[in-house]
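Just one chain is shown here, as structure tokens, and it is the form predicted alone.
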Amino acid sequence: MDFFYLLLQLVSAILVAPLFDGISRKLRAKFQSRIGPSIFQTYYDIYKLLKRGRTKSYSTSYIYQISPYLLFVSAAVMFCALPITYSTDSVALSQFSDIFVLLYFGALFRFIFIVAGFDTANPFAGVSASREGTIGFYTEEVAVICLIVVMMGTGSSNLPFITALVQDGDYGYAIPSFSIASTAFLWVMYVETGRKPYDLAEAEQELQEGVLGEFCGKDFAIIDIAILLKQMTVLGFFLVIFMPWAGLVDNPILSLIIFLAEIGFLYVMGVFIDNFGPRFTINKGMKRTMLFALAISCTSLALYIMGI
């Protein structure tokens, strides 16, 4: 039965993620005084792409052909590692749900994305792949420091165990190092969704989506689904550690509904930051904003070492 709920968890995310993306696009358009597309436009786009065949350049190798599927599998494994419909009572699944599983598959997702970009031999795809690597260079150390604080504070890297401690009040916001780490971790997870405009507006398409521009048809649809699933995973990664309120109910389906509602709320909050926050160039913006997050994460680590 646990595996049935796990499959339900994954399928629900795949079905709901395009709706959240459509709502975000609609809200962003409203803030800019535009009508904007329908909230179901992402569904229409994916359905249209899935009906089309594959096209590839002669300069690409097998890496280009398998990368859409590897990206989707990596994102799916990451989302399944989130303890939403299961807890420590499920021995098999709780052992699989670990912080290191999410970190390793997150790194694999980024590696595949970068390699696929270079494999196309397109200069724009190479720039986009380099941009993805730069973002990872600045964000991963902040996330790891925050997670080190949590793992040392709880004595475990097992997500269901950490979630249970926070839900029971044995570990949580009464501890300053945990509270401060949550701030930096939320910012990093937001950046990992790829929504923060770190590039010049007039060059956004080529810089941010150069890799995606090399794919079309079914391959593009699979990558689109994988990216939407990754966005939900990184936001869920924050929720299961720092706000695991969805697990307070015993019913797995109700927990999943609450979790999806929380993800939807974070999507809407992200739209506010997208529209009212400043834009940064990739070389200056990342240093300014992520060094601030790095300082916060180091502060939380220092507080933990001091026993606060």
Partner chain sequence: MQTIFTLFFLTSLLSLLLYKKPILAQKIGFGLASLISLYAAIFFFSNLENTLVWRLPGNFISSPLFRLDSLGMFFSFLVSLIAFAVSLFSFDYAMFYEKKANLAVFASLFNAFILSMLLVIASDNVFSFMLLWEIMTLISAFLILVNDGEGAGRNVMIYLGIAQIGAFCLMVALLIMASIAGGFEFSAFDELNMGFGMSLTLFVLLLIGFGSKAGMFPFHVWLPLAYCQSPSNASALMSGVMIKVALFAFIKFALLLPQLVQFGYILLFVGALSCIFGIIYSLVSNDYKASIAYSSCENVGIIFLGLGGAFYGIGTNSPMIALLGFIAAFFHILNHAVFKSLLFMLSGNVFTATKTRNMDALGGLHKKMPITSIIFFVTALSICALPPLNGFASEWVIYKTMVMGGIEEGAASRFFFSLAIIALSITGAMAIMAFSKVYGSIFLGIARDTKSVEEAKEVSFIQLLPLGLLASLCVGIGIFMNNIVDMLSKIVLTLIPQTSVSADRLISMPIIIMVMFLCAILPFVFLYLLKANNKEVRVTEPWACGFLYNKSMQIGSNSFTGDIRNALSFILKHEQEIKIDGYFSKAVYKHKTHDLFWDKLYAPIIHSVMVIADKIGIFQNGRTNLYAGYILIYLCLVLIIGYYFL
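Everything numeric here is computed off the predicted structure, so don't read it as measured data. We call the rigid core whatever largest set of C-alpha positions still superposes within 1.5 Å between the two forms. Numbering follows the first chain given and starts at 1.
One more form of this protein, predicted in complex with its partner chain, exists but is not displayed; see below.
Only one of 175, 77, 186, 227 lies close to its partner chain in the model of the complex, with a heavy atom inside 4.5 Å, and it is 77. Note on contacts: among 193, 167, 134, 179, the single residue with a heavy atom within 4.5 Å of its partner chain in the model of the complex is 134. For its partner chain in the model of the complex, the listed stretch (258-266, 63-71, 24-32, 237-245) containing residues with heavy atoms inside 4.5 Å is 63-71. Though the partner is left out of this view, residue 1 does not reach within 4.5 Å of its partner chain in the model of the complex, counting heavy atoms only. Contact annotation: residue 231 falls outside 4.5 Å of its partner chain in the model of the complex, judged by heavy atom distances. Looking at residue 171, you'd find every heavy atom of it more than 4.5 angstroms from its partner chain in the model of the complex. In the model of the complex, its partner chain sits within 4.5 Å of a heavy atom of residue 50. Interface residues of 7-24, taken as those with a heavy atom within 4.5 Å of its partner chain in the model of the complex (partner not displayed): 7, 10, 11, 14, in sequence order. Positional change of residue 34 between this form and the one not shown stays under 2 Å at the C-alpha, relative to the superposed core.
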